[in-house]
Structures are given as C-alpha cells and as structure tokens.
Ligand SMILES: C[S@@+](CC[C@H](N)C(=O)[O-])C[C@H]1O[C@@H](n2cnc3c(N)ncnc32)[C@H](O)[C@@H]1O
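Single chain ahead, by itself, as structure tokens, in the form predicted alone.
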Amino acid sequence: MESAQDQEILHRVCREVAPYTMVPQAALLFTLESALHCIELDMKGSIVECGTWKGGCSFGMLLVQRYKYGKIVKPVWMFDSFQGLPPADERDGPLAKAYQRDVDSAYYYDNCTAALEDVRIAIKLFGFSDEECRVVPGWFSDTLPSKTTTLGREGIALLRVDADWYEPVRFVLDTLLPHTTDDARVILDDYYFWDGCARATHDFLSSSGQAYRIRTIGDFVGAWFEKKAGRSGLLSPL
C-alpha cells in the first residue's frame, strides 16, 4: 500500500497531466503505480506506451518518477502515429465503425489525432530530455520493427497498449511481448471498451499458447496481465 506521501504524488501527477489525456483517473492511477512497481522491483527494461495521444500517460509515468525518486529512473518510449486512428474493420465491431463516422461527437477528438509539435512543446514544458522521453512518430507497423533490436537489448519493464483496434493491438502484442521482461505488467487500455482490443488480446494469447490471467482495472476502465512463466505445479486445493 502506498504511503500518504505516495498518494499525494500520484494525485499531483494526475492533476498535472489531465490536459493531455483521456484516460479515466482510476486507470491513470494504476498506470502510475505500475511505473513505480517495476522500479521498486528493479525490473530490467524501459517503459513503453503504444498509443499516446497528447502524451498524458507517458508524461505521468515520467513525472511520478521525478517526484518519487528525484530523477527519471526508466525512460518512456512514446509510439504513436500522431495521425489519429486507422480505419476500424469488422473485427472491431459496429460501435467502432459508428465512432469513426460520428465526427461531430464530443468524444471524437478528431479521430484521436494529436499534433506532434504540440506534444514536443509539452515535453519541453515538463523539462524532459530526449533520452527520458523517446518519441517515435509513425504507424506501429513502420516504427516498432525498427526499434526491436534496441528494445530487445534494454527489455520492457512495463508495456501500455492504447491502440484501440484489433490490428494495431495485435501487432503490438506480437512484436513487443517477446521483449517484455518476465513479471512485467501489460496494460490494455481498451479491453472493455472496444471489441477489437479484446479480440486481439485473446487471439494473441491463444495463438502464442499463453495462459496469462486478465485482470480488471477499477470499474472496468481497463485491463492488464503479467507476463508469467508457466506454472510448474498445481495449487493446493482449498
């Protein structure tokens, strides 16, 4: 359980990054706690977020380190197209397609587009260096493969997947899970919100033969699992 000082830090960070994120507070708090968790356990690797929008979660994972430890311990990789979401397909379900058609909705956010220059300005305002906040613009299919050598060498201690649709979620899991450290948390932002994210997650687990347990964040505001080795024996019966 976090101390009162830790709680104060977490809520301070939530307030400071609020203009840069759409993530519900319960999910944001879990993300911040997970960043501290992987540091406290001295897990190998950097932090990676795929799907950053204006950068709020990534900034938060850096700020919480600065306020807790007085420095950035683990850099954060920020992967985003900065061109909005790709077109939803049949695997994403009718609600996803309806979302992309309803351009006048208050929740459309220009198809989740964020201006790269605005993100870079925010990085400077927060005072993060290029080494601490590693921005990689472009579609995941173009950018992730080019960084797998570096990420494989560093390892990934925390992976946050906020890619909405089936194809990008599946691509992230297929490409980055092999480089994720054992016991690392993988956060699935859209698991309960979009059908494509849930389908991609279960298809990935099935095709890779993994039995990771899906866990819920807050009141169904997200999901996560830990990358675990297979069980070596049965649990004792209750």
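Just count from 1 along the sequence shown to find any residue number. Just so you know, these numbers come straight off a predicted model, no measurement behind them.
Just so you know, the form predicted in complex with the named molecule exists too; it's not on screen, but the next bit is about it.
- Only one of 131 to 139, 68 to 76, 88 to 96, 148 to 156 places residue heavy atoms within 4.5 angstroms of the named molecule in the model of the complex, namely 131 to 139.
- For residue 23, a non-hydrogen atom is located within 4.5 Å of the named molecule in the model of the complex, even though that partner is not displayed.
- Using a 4.5 angstroms threshold between heavy atoms, residue 84 counts as touching the named molecule in the model of the complex.
- Contact check for residue 60: no non-hydrogen atom falls within 4.5 Å of the named molecule in the model of the complex.
- Though the partner is left out of this view, residue 30 does not reach within 4.5 Å of the named molecule in the model of the complex, counting heavy atoms only.
- Interface residues of 28 to 51, taken as those with a heavy atom within 4.5 Å of the named molecule in the model of the complex (partner not displayed): 49, 51, in sequence order.
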